[in-house]
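Consider the single chain below, provided in structure tokens and representing the form predicted alone.
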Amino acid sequence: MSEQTGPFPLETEFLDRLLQDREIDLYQVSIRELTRLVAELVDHFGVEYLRFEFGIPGLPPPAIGPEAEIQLLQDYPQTPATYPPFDGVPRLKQATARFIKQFTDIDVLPENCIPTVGAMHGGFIAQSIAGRRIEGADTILYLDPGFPVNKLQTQFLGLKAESIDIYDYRGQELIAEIERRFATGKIGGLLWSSPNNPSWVCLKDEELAGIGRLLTDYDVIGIEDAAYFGMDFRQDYGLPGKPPFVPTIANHTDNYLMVLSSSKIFSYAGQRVAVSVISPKLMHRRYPYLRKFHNTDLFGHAFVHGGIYTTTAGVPQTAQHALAALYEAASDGSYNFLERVRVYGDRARRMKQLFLSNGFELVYAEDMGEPIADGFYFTVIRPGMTGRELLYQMLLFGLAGLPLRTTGTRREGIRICVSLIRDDQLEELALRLAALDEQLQGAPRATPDNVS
């Protein structure tokens, strides 16, 4: 029997009762539901769980951001008494335009850079406009797997959703499938992340070129979720103003809206500040059908006054100055933000090896013929098990990950986020995975009551 550092496997009765009482289906459990479930298991059993389910930063924020917020309040103590401009403070708008030029070599104006209360806020408004520009084009098409909450936003907005799983389509097959969907006339927006949450697949430039052509030809809005901007560590995108530049749809169409997050690249998740960058030409496009929803037919005006004003009426000013300071330092070359977060890639490489050495396989293992990159997430499955069964077993060994079914894919498996695992926990992870592997190879295993 493998040496263990805890009472694993945990007894099943309490877990079964929690799942029944909370009416939790481990196929569709949300991140927040799973977090609460694990908290109750920790309290009851008194053991530390190794947490892979919550995609939050595992690094402290650089001092640049907090210092900028403090400085603003000291220099301008009246700041909390004044409302922020709906379209953002000038400093952040200017800093964002420069940051985009330095790291993607794309030219945008400060007016095209609109701060939002986190990237989710930007994605919400982007969907609301993309799905309401043209009568009948009220469907958001997702390249899945993806962030589960985006589809909840689509549902909340009363829009429709369709999905293409990038497990099944890459390269020209992906372009052909997207065109088949666009040709129906129902698609208003296409939403994706690259690197992808959770597979860490990265769209190739030839794919982006094909997608860009289709966005232009069919007048669909590409919503590029750049939450993990530049975090494909197979390339070094961290030198401002020098190639290689971060790949983006902005190279291939004017029908784009890029959502930049501060949560992962700057570990600034708690201040809920991001920027949506609207194509300069799209900013001034007119869509008469928008008047039904936003009292304007101008895309950019609808985003700011129909979206920002009616939801949050702006973004807290101190957080805007913090993000501006971070963009400025990155653009100046005084702060290499990608070098700092490279630790996630190194940690993913080591954690993957532990899973693979103990009977697991990667679900999304290849990226157009290359091994999948090491980054913030990876995906695992145990041959012969459903994602629900695997998560149940992992919980009994003090391991918590997110079932892939919640991310829009039909694939079985678990999303593993590496951010909250410390280096000093890797030995414990190895012990628990070895014990779990031994258990799964041994006697008939317990399964949750709701597994058919």
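Sequential numbering from 1, following the sequence displayed. Keep in mind that this is a model prediction, so the values were computed, not measured.
Another form exists, predicted in complex with another copy of the chain; not displayed. Remarks below refer to it.
From the list 356-364, 173-181, 73-81, 209-217, the contact stretch for another copy of the chain in the predicted complex under a 4.5 Å heavy atom rule is 73-81. Proximity of residue 156 to another copy of the chain in the predicted complex falls within the 4.5 Å heavy atom cutoff.
Among residues of the shown chain, residue 295 is one whose heavy atoms approach another copy of the chain to within 4.5 Å in the predicted complex. A residue is said to contact a partner when one of its heavy atoms sits within 4.5 Å of a partner heavy atom; residue 132 meets this definition for another copy of the chain in the predicted complex.
In the predicted complex, another copy of the chain sits within 4.5 Å of a heavy atom of residue 318. Taking 379, 96, 194, 128 one by one, only a single residue has any non-hydrogen atom within 4.5 Å of another copy of the chain in the predicted complex, and it is 128. Taking 90, 280, 270, 241 one by one, only a single residue has any non-hydrogen atom within 4.5 Å of another copy of the chain in the predicted complex, and it is 270.
Across the proposed site, 66, 306 and 309 without exception bring a heavy atom within 4.5 Å of another copy of the chain in the predicted complex. Annotation for 25-41: the only interface residue with another copy of the chain in the predicted complex is 32 [heavy atom within 4.5 Å].
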